[in-house]
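This document starts with two versions of one protein chain, written out as structure tokens and named structure 1 and structure 2.
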Structure 1
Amino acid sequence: MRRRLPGFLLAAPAWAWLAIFFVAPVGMVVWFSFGYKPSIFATQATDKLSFDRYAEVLSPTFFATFQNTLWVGVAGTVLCFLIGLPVAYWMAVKAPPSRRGLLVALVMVPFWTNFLVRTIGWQVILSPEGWISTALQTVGFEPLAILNTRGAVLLGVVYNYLPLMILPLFVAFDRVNGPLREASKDLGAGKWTTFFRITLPLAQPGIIAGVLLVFIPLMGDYITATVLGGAKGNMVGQLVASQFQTAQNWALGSAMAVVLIIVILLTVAIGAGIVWLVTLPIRASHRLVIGAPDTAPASVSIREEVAA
């Protein structure tokens, strides 16, 4: 018999890629976060390790920025979900199959332009001299004053990250079998009941993927906050970039980056726990207990019953 290589070697390129381009850089950032800036001309030193940089990051000076970043991240993700859910459902279920490819291409159109260029476009639109402000002044309103505010940042992140929410939701809804929805309706369920008890639970993997694809990069975004937010829309990504590029304090910038990673992980974990607790009664109500003579009751879900 021929000798065969172990199966785990097939994943060796992926592990090597993760080790070189993810584990090593993150490990370096964590290591620098325990160091300090030795002089005005040096970026970092790690001969004396301490938690002093983390104490600086958690000071009131930066705490407000972390609060603002978390607010924009959560609010932007929720808005992307509320807008993207009906759009993706219409694309996958209601739109004619012959036009779905065109609709997906239209969703991808913003990615044909550079991220920075798209954001600067909104800066031009929202400026007091932009066409929206000019139109408002023409009919007697005050000039538009949304630029350089947190609202402008929220508008920009929703525009930039909305396609990342629509695409996984579209794939999830598209994979939900039509016969399951038809069977639910034949059993007496209405449109809303079918959507919330059949379609939406089956699309849960796409919902999770869309939320993560939007929330994680949104929390680290600094281009949108820099272009549209100004001082009032400051986010942690701006602080990290300024510490590495302007202040040349790699230790403090690394500590900020590590705290941001921890905040993202904690927020995702807390959000997952809240969703699990909220949906626990719903999941329990979706299960039926079927008993048979001389046998133990069997518990099956409504989705399995419909599928059968």
Structure 2
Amino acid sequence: MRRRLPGFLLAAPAWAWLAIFFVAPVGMVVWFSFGYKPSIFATQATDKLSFDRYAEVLSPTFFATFQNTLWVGVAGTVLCFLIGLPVAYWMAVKAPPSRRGLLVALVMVPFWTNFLVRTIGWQVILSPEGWISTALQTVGFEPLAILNTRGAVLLGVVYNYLPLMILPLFVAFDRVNGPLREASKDLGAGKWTTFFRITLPLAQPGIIAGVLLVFIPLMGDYITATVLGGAKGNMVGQLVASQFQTAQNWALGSAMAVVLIIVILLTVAIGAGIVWLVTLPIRASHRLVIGAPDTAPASVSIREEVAA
């Protein structure tokens, strides 16, 4: 129709903006990470390039923080999944449809309250002078000493990222809900069989989205660890920040940021690999069941939808 201007030029401003303010600065950080800190007063220099900063990042001092972050990241994501899955299922399947909008809104309110402020709310709750601690003391316990530990950080991140798990899972379950599950019941499948054979496989995209939405920002978390973690709950995000703000060693901080991204990508890849391997026998056994004449049509159609 229109020959004068190709339509994709509409996206040109966004391309340009992201190229200048995302690709270029992140590229600069990658470039810095091969440099070094020449003197106390300079932040970085790149006249001699080397992998020395990466060696420094992997030294025991910093490596411990990476291990800690990975532990919190994996444990936090698993907890979010275990806590969020029943909630999402409840919202999409068990709760009366008229209440669904309200429940979604309720999950969103904390999601849209200032991140920092809700974390401070936990600091107030967990503080040794707080209500819970005072209540514990009147019953004869020690004052609460969870603040400034890894446990507090784990609680904080589970709290902060839980809505990001619940919402995609809810959307996924909401889509599955209905005819297919009824068909499964009509064909004689029990509650658990229906859940594990129909609902869960079909909710797979939502599960993947939820796990990624929680895991990726969690690994880069800076605020929760700063507010609740203290010295014991140190995370890589803080380490990177301190290299840029206080230590003024941009080369080392850049290398840490790059390693953080690599660790995130590797963990996601390994996690995907493990899930693939673990479900391999299950998928294989399901494939055998498809051969049975009575369930064949339903299973085939489901398989097609999973593929689509």
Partner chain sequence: MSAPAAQRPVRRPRKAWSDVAFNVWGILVMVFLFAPIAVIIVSSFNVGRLLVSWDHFGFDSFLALLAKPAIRDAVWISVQTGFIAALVATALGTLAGIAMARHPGKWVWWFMGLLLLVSVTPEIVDAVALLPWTVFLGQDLGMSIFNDGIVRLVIGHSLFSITVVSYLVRARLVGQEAQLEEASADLYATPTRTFRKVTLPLAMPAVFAGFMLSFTFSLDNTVIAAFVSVSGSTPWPVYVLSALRSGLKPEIAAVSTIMLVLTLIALGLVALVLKRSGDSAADIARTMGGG
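Here, a residue number simply tells you its place in the sequence of structure 1, counted from 1. The model shown is predicted, which means the values in this text are computed figures rather than measured ones. For the two forms, the rigid core is made up of the largest set of C-alpha atoms that agree within 1.5 Å on superposition.
1 or 2: which is the form predicted together with its partner chain? Of the two, structure 2 is the form predicted together with its partner chain.
Displaced residue check between structures 1 and 2: Val275, CA, 2 Å or over, core reference: No; Val275 is a residue whose C-alpha shifts by less than 2 Å between structures 1 and 2 when the cores are overlaid.
Align on the rigid core first; then say whether the Cα of Ala241 has moved by at least 2 Å between structures 1 and 2. No, Ala241 moves less than 2 Å.
On a core-based superposition, does Val26 travel 2 Å or more at its Cα between structures 1 and 2? Yes, shifts by 2 Å or more.
What is the magnitude, in angstrom, of the C-alpha shift at Ala16 between structures 1 and 2 when the rigid core serves as the superposition reference? Its C-alpha moves by 4.5 Å once the cores are overlaid.
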